[in-house]
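Next up: just one chain, as structure tokens, the form predicted alone.
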């Protein structure tokens, strides 16, 4: 099928309607005008993960993280409060903090020496009297680094939102919080993060987000070599079709189907020691325990819209040992351009896990999903190829088929899992339910202009063409 573009607002609506039907215009994976829309309408009003409280445990601890081009100092002040402050000096706009992480009571701008407390308050500026006339000429009181418009946390995960009036984070998470707990609350004390590792790939950010959200279909092809070398107990990569594909509000993912057994037996099969299994039994809700003990499902990869992904797996870490070691990893897909993404990847582990387990789990993470991990290398080759090909002229003529799991009328080929103890809707077997759900949410936000801002379309910026008005700002 061909995709035709017109230089008018209807063009965007037509494209998004196709996406919602599971026909994806190929060029959306490498189009600067669409990327411009994404920056404004998706990253400008979604909750974006930037750090975890375990990375800044003590007063004065900080990390520097980005949301697109916006750099934030995420710091724990002397009062113990976590804040995210725009990393730009109030004077001439220099980045105040150039280090990526550390501990500091104050931040000093390297350009002209203005300094700020670690809660963002302006503390000092050279030649205050001579250059500004002292407090009467320029009062330092009340001056502070610009705070992130909104900040909130969940299970120690720190999110910011560039929209000053977003829905509360917990409301935003909705039923996906059920799954987020399975990754980040294996005991009441939660997880600790190590990293991040960072690297850039010549690929569009959406491809990785979609892949982690529910692409179990690629495993028998892309990752067949990982199975063949005996890294996993499961003898066939196509066993992934026995797991569930779930979507809950703003996120979704895949599960593995575990061998029969009790809650304790199934978690032991995954590789968790008895003391960790007991803490999970006490910490997780009855419904979460039932998803493991009765449904036989264990979470694998997932994505929280728009760009936070998680993965849980349990490989052998040595060829001569049958024992497996589970690991959890978090990552963000940080867009650089329509054709480049910076990946930030953290190793996550329960705070109370035995030290030997932490070490083996970290090794398992590096082997699979670190910057040189086996899964990572397999996946990136695909994503780079997709992005490069999507940038050509022919990609604008092609609608990619993302309708797996639907019949010609658009109805699911199989019913949802009956009696499923997870939240949201789940299907068993290969399907692209989650990719469609993620892109449908993407389409909904892309179609909705930002209040008070001119509206971006695929060919130009207009103010209110839908209403027949001329160019200008939205009222």
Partner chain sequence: MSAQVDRRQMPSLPFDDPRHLVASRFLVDEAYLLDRQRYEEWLSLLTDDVWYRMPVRVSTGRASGFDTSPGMDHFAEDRYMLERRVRRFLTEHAWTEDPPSRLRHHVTNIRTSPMQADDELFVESAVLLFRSRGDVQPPAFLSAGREDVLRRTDGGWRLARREVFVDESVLRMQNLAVFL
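Computed from a predicted structure; not experimentally measured. Residue numbers count along the first chain shown, from 1.
Just so you know, the form predicted in complex with the partner chain exists too; it's not on screen, but the next bit is about it.
Only one of 195, 156, 405, 326 lies close to the partner chain in the predicted complex, with a heavy atom inside 4.5 Å, and it is 195.
With the partner removed from view, the residue among 262, 171, 143, 372 that has a non-hydrogen atom within 4.5 Å of the partner chain in the predicted complex turns out to be 372.
Heavy atoms within 4.5 Å of the partner chain in the predicted complex are found in exactly one of 96-104, 247-255, 120-128, 390-398, that being 96-104. When the partner chain is considered in the predicted complex, residue 221 lines it closely, a heavy atom lying within 4.5 Å. Contact between residue 295 and the partner chain in the predicted complex is not found at the 4.5 Å heavy atom cutoff.
The shortest heavy atom separation between residue 275 and the partner chain in the predicted complex exceeds 4.5 Å. Looking at residue 347, you'd find a heavy atom of it within 4.5 angstroms of the partner chain in the predicted complex.
Shown without its partner, the chain has no residue in segment 267-306 with a non-hydrogen atom within 4.5 angstroms of the partner chain in the predicted complex.
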